[in-house]
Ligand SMILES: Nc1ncnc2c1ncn2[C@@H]1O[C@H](COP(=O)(O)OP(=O)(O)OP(=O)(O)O)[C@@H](O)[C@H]1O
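We begin with a single chain expressed as structure tokens, specifically the form predicted on its own.
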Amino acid sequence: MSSSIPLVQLQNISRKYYLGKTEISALDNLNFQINKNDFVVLAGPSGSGKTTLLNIIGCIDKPSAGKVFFEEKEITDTPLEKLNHLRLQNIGFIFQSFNLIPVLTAFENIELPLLFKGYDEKTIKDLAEKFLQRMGIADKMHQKPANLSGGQRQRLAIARALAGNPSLIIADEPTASLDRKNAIAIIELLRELNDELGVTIVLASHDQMIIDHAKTKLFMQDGKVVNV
């Protein structure tokens, strides 16, 4: 069960872009919060604002208007470069295209962000082995991404995201590049990890199978949440 303790709060959030002189409203006056240990799916068609919203929740973009709070501390006016530490320590990302470093092995892909966090060699080894084992790909530790299947690459991306003990995992269409069998396995795995580890997961998708696994569903259309 998700708690009622807020992790991320968004108040009157809007995000506008300009294409030449044309104003594009990607998000329009959104208000909601994400609680700790929640499993949230942002659903909606392409262009509805899901990715823009994930970028703001993940502190890699800023709203044009409104307020953003992370663990009840307002971060609206904090420059993005000063949010690097918050992202590094608190947020893990899982991408549709995996975003693995092709010249590094599975172990090294997990190791790199942990080095940035300042973890020692033994801790890194223990964490990498733990999460590779949990993802069922311990035997691929010394393989590079090109030698892994799509499902194995996504499991590696999840292991990398989890190894640093984040409070929030953000996933943008994490199963879109996978076949149905692997997509089901990945979403069930994420739900298990949400229950076991208590990590909050916010995931964007238009796949009904994924939506059905959510604890909280937010449906988006034209930059607005149409039900909360």
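One-based numbering along the sequence shown. This is a predicted model, so every value here is computed, not measured.
If you look for the form predicted in complex with the named molecule, you will not find it shown, but the lines that follow are about it.
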>> Please tell me which of 51, 31, 35, 165 lies within 4.5 Å of the named molecule in the predicted complex, judged by heavy atoms.
In response: 51
> For the chain shown here without its partner, which stretch in 193 to 201, 179 to 187, 63 to 71, 38 to 46 has non-hydrogen atoms within 4.5 angstroms of the named molecule in the predicted complex?
Replying inline: 38 to 46
> So in the predicted complex, does residue 26 come within 4.5 Å of the named molecule, heavy atom to heavy atom?
Replying inline: yes
> Could you tell me if residue 217 has a non-hydrogen atom within 4.5 Å of the named molecule in the predicted complex?
Replying inline: no
>> For the stretch 167 to 182, I need every residue with any heavy atom inside 4.5 Å of the named molecule in the predicted complex, listed N to C.
In response: 173
